[in-house]
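Heads up, the chain below is alone and in the form predicted on its own; it's given as C-alpha cells.
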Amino acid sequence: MEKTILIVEDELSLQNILEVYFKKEGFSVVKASDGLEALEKFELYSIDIACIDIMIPHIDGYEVVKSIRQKSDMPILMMTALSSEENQLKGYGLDIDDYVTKPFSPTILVAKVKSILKRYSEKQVRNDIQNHQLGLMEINFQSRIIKVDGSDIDLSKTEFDMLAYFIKNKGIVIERVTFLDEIWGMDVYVEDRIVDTFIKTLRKKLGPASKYIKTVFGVGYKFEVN
C-alpha cells in the first residue's frame, strides 16, 4: 500500500531531490516550504510520516511537531543543520522518532523512513492482536481480560484459550479434534465430547455474546460476529 510522506523543507533544491528519491521508492510525496504550509498540508492530506526541517520560515520545526503531536502520533523524523546535543534532545522531547543532521544522504533518509514505518506497522499488528472489539465483546489477549457489554467475564484458562482460538480463526469452521489438538495438546487423551461441554459453559458465561459461537452440525463450531 502506497505511503504518503510530508517533506517540510525550505531549501527547494533539497526538497525536490528528496521528492525524487521517495517517489522512486513508491511514496506519495506532499511538500511544504514553511511551518504554516506544513500544518495546512497535514490537515489536508492523510499523512503516514513526516520529515521536518527545524529551521523553516514562519513557524519552526519544533512548533510544527508540537501542533501535530496534539492530534496525531504518526512517525516524525527531524532534519537539521543544528547538530548540538541540546537540539537533538529537544526534538526527542517532542516524541520524534529519529533525527538526521545535514548534510545527509537521501538514500540513508529513505532507509530510515522505511525502517520507522516498518516498526510502526509491526507495532500496530501487535496491538490489533492484543486488543479486539468484536460486537458486544472486548478482548485483550495480553492481559487475558474479556468484557461483554462493558462487564468483566470470568473465564477459566481453558475457556479463555478456546475463545481466543475462536477469535483468531473467526469465520472458519473448527472441528472438535482441532480444539483437542490446539487447546489440550496432541499428546493428551481427552474425549472429544469435552469440547461440547466447554462450549456450553463458554456460551453461558458470554451471555448475549454467546450468539457469536455457531454450531455447524456434524462438523464443529465457528465464531462469527453478525
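In this text, the rigid core denotes the largest set of C-alpha atoms whose superposition between the two forms falls within 1.5 Å. None of the values given here were measured: they were computed from a predicted structure. Residue positions are given as counts along the sequence shown, with the first one as 1.
Same protein, other form: the form predicted in complex with a further copy of the same chain, not shown, and the subject of what follows.
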Interface stretch in the model of the complex with a further copy of the same chain - options 176 to 184, 54 to 62, 194 to 202, 40 to 48, non-hydrogen atom within 4.5 Å: 40 to 48
a further copy of the same chain contact at Leu36 in the model of the complex, heavy atom, 4.5 Å: no
Report whether the minimum heavy atom distance between Lys211 and a further copy of the same chain in the model of the complex is within 4.5 Å. no
Against a further copy of the same chain in the model of the complex, would Ala164 count as a contact residue? Criterion: heavy atoms within 4.5 Å. no
Which residues within 51 to 73 place at least one heavy atom within 4.5 Å of a further copy of the same chain in the model of the complex? none
Hey, does Asn16 budge by 2 Å or more at the Cα between this form and the one not shown once the core is superposed? no
